[in-house]
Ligand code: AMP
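What follows is a single chain, given as structure tokens, in the form predicted alone.
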């Protein structure tokens, strides 16, 4: 009999030692089903795993989409009885994602990706959490691989793994749903009444990975198991790329301390371009539930 989703996720968490006793885990939740299910499973098993769990939501201020996402995340945190940290981009940038991207003359999805990766590392570190968990799934991995191959960013594929260990500059990054497909996650969320929003980001249609993932649906339908086989085989190639990357050590940004290949990280460069103070982080207030 095939193992259920929760059993497979817990098997990965234990088998690959994604978390260890005493870890403080911050789950990055967007309001969508993937991160909600990751948070639900980690919170449910927190005591037996010996970990603390909190949620981090990045409020991008994208009109109705962000409003709906935030309400959903608050409902999830209350259901799980875990602390929730909400980082409002307007408090730090003076405006929301769309306007930030417009002022920088960059695509919203590019700016969003840069800022998400930045805050999902620096906020947990500053608040005393040593692990950040995301809801990335098998479909996401396919999009990540193909998009980076198209863009010639072969070195990024070395980061394809259920866990990236912590370094002096980064927290440990884990993906508990790494081997789970999107349709399975939706079904699990519905069966367990886990709150998530179906409202889509208005910028999603411009994201290359979204269209890559949808195109791969056709391949998976014709040949079930293709996604998993594809990701597994690319991970074999990624090991060779990783050995090359290990010779390149990132430096700490001179303003905020985030990892960067130069003297100044991408986020601080954005702030300088917009006339904002580089290195200044507005940490979120915590929301706790009785």
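Numbering follows the first chain given and starts at 1. Please read all numbers here as calculations on a predicted model, not as lab measurements.
There is also a form predicted in complex with this ligand; it is not shown, and the following applies to it.
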In the predicted bound form, do 29, 35 and 135 all reach within 4.5 Å of this ligand through at least one heavy atom apiece?
-> yes
Would you point out which of 135 to 143, 99 to 107, 186 to 194, 152 to 160 contains residues with a non-hydrogen atom within 4.5 Å of this ligand in the predicted bound form?
-> 135 to 143
Residue among 120, 147, 79, 130 with a heavy atom within 4.5 Å of this ligand in the predicted bound form | 120
From the list 253, 58, 54, 42, which entry has a heavy atom within 4.5 Å of this ligand in the predicted bound form?
-> 58
Look up in the predicted bound form whether residue 116 has a non-hydrogen atom within 4.5 angstroms of this ligand, and give yes or no.
-> yes
